[in-house]
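The data below hold one chain only, encoded as structure tokens and taken in the form predicted on its own.
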């Protein structure tokens, strides 16, 4: 495996693309007892349209998440979770808008755990009975989300802000779409996207990199099947089709989620640079140490629940903030005003440099978390960027880029507000 040392981070990463197309990255951490492996598919809930074997196909919303659930079933009635528990390991998985991750954490018998992780994720086994049973479980999960104000306020925001992009549909799908999911649909999507060249294996801990690559070769073989081509018929104007959406739920305090629509970030370093500029813009605009945050907090318009940042998904991006507020519309006006002010006046050079140092420090401290490191290595790999190069990108960012981003993005026509009021509050809003 090729080894690369990053002196600014004092980190070494060993990487190799196997004969079957799988990317393997190992981050050795000598002396640590914990070992963590992430096996991740470049496939999420937004990837419903694709072509495979010369056919253009569309999968029902919620397939990626359904598939994540069902891969824990193995032929012969094997219980994957019980097998991991017998090895003294903890395993889990998650589906996001643009990736699906399976992971295992252990302190002993790592090679057995890694082999089992690779085996069950690469073994599609779907019966009519088990798929139908899972439908009821996911239906309950969808119902729980519909009763969760945090989920509703965000999903309402996505539905109002986007006209075509599938981020407007919940990751879980809907009660209607999951009824269209069959064993055949799951098998087709697994074949389309769970191919070695569309996946990455990332391992961190006191492990031998060559041994990790050897296990991957043994379990997955050398075969390199065709990966589906993702289709992205998502033509989005930067103007939000709906400026505001409101709902009523049993909440103690009105809550909101507000976002500014951004152009999708390009692949590679240009995209990561845009993301880091946007992160700094979010910090300058409404971060905890910003002028606006302190003023809104003192006025009682936000509280400690307030947070914000920059979010990217395949094909879309947004500057986002959320929290509880007695007057979310006043918060929106204040953010728009402050965005214009910062675009015109900027920050003092001292404040800008201090903010950059703080942001870089948080990223570096994040490397202490095995989970956060594996997640980011995988996510950035799919955007064609080596995550451990982030310090050099941060160092090169200029304040003019931040001001240009705010001027372009923090505009009324790009803004969408989602509000949830308690019963009775909407009558006086």
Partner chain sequence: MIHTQTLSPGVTLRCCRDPRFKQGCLSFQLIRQMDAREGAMNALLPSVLLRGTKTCPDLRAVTQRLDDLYGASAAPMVRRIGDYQTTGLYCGFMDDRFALPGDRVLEPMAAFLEEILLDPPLEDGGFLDAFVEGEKTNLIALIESERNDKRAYAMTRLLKTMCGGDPFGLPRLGEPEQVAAIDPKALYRHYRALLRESRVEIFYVGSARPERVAGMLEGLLGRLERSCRPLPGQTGLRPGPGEDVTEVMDVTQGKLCMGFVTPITNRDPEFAAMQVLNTVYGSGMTSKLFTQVREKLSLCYSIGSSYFGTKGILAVSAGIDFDKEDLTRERILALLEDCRKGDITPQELTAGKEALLSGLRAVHDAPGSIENYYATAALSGLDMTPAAYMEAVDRVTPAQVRAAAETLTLHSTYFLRGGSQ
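Residue numbers count along the first chain shown, from 1. All values reported here derive from a predicted model rather than from experimental measurement.
Same protein, other form: the form predicted together with the partner chain, not shown, and the subject of what follows.
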query: Listed range touching the partner chain, judged in the predicted complex by heavy atoms within 4.5 Å, from 181-189, 84-92, 231-239, 309-317; finding: 84-92
query: is_contact(residue 222, the partner chain) in the predicted complex, heavy atom dist at most 4.5 Å; finding: no
query: Partner proximity in the predicted complex: residue 290 to the partner chain, non-hydrogen atom cutoff 4.5 Å; finding: yes
query: Distance check, residue 136 to the partner chain in the predicted complex, heavy atom within 4.5 Å; finding: yes
query: 4.5 angstroms heavy atom contact with the partner chain in the predicted complex for residue 255; finding: yes
query: Non-hydrogen atom within 4.5 Å of the partner chain in the predicted complex for each of 77, 176 and 385; finding: no
query: Answer option from 146, 245, 343, 213, heavy atom within 4.5 Å of the partner chain in the predicted complex; finding: 146
query: Sole residue of 379, 397, 364, 52 within 4.5 Å of the partner chain in the predicted complex, by heavy atom; finding: 364
query: Those residues of 106-132 which, in the predicted complex, come within 4.5 Å of the partner chain by heavy atom; finding: 106, 107, 108
